[in-house]
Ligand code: PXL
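Here you get one chain, nothing else, as structure tokens; it is the form predicted alone.
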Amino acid sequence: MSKEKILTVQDISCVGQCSLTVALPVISACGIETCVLPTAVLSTHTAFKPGWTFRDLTSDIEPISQHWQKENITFKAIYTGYLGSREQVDLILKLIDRHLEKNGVAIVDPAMADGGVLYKGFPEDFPKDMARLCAAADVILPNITEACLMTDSEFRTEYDENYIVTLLSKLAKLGCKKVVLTGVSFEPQKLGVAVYDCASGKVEYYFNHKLPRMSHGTGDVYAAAFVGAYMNGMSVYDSAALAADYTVKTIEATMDDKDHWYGVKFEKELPYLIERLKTV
């Protein structure tokens, strides 16, 4: 896959290491020209105490796209994350149709939920809209909560491999080509991902040691590292594995700082990510 420019479509949280403030530096560090289209601007991410500001940028998306059309701007990949409104789903589908190059890839991180519940601000039926966007994707990167919500499946904290395989097969029916399901664990000390080929039904797993800390923004760190690795020519599985290793390193870099609860120190481990990519 050639190292041409990509577009990432997600919000900017001015404080809090997530979304565009993670995607832009991480993917750029991977040597990929990274263009952005903000879906919303927040003063902080929503895990901060109530009082954060939110500005919906839905009305800006179409004029931006029209300008890009006049300039013949296209992208080798379009990677989406947190969306500011349900109306943005149809606008992003138009973006993919207009601006994704032939043989380009659409990567969707359906960032909308965790721990069995939707993030604040989303309507209950929002997962149906996100499922439509996932249907147009080459690769989707849901966690288990997001997978359950998009497939009307029961969310469980304890499960076996059959549960995960069933969930993956349901996700495949949405229409995507590859699934990287995050947050998979079959034993207490291990946490990882399941990589699923929707055409063949092949499942591959990759696990790391589970760290004793919950950190905000790790899903965004993971997705950005995945995109950076994949756009450097790594396979979906190898990209998923490298992204998992990098995410673990960022959590480890933050473990001794109790005040750094709002994200992970991903910047400190960018040299690790860059060095790993040198072997590609």
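In this text, residue numbers run from 1 along the sequence as written. Keep in mind that this is a model prediction, so the values were computed, not measured.
One more form of this protein should be noted, the form predicted in complex with the ligand, which is absent from this view; the next part is about it.
Taking Ala253, Cys35, Leu211, Ala47 one by one, only a single residue has any non-hydrogen atom within 4.5 Å of the ligand in the predicted bound form, and it is Ala47. The contact with the ligand in the predicted bound form, taken as any heavy atom within 4.5 Å, belongs to Leu42 out of Leu242, Leu42, Cys30, Met234.
At a distance threshold of 4.5 angstroms between non-hydrogen atoms, Cys18 is in contact with the ligand in the predicted bound form. The ligand is not shown here, but in the predicted bound form it comes within 4.5 Å of a heavy atom of Tyr119. Although the partner is absent here, Tyr82 lies within 4.5 Å of the ligand in the predicted bound form, judged by heavy atoms.
When the ligand is considered in the predicted bound form, Glu269 lies well away from it, no heavy atom lying within 4.5 Å. Contacts between 247 to 280 and the ligand, taken as any heavy atom within 4.5 Å in the predicted bound form, involve no residue at all.
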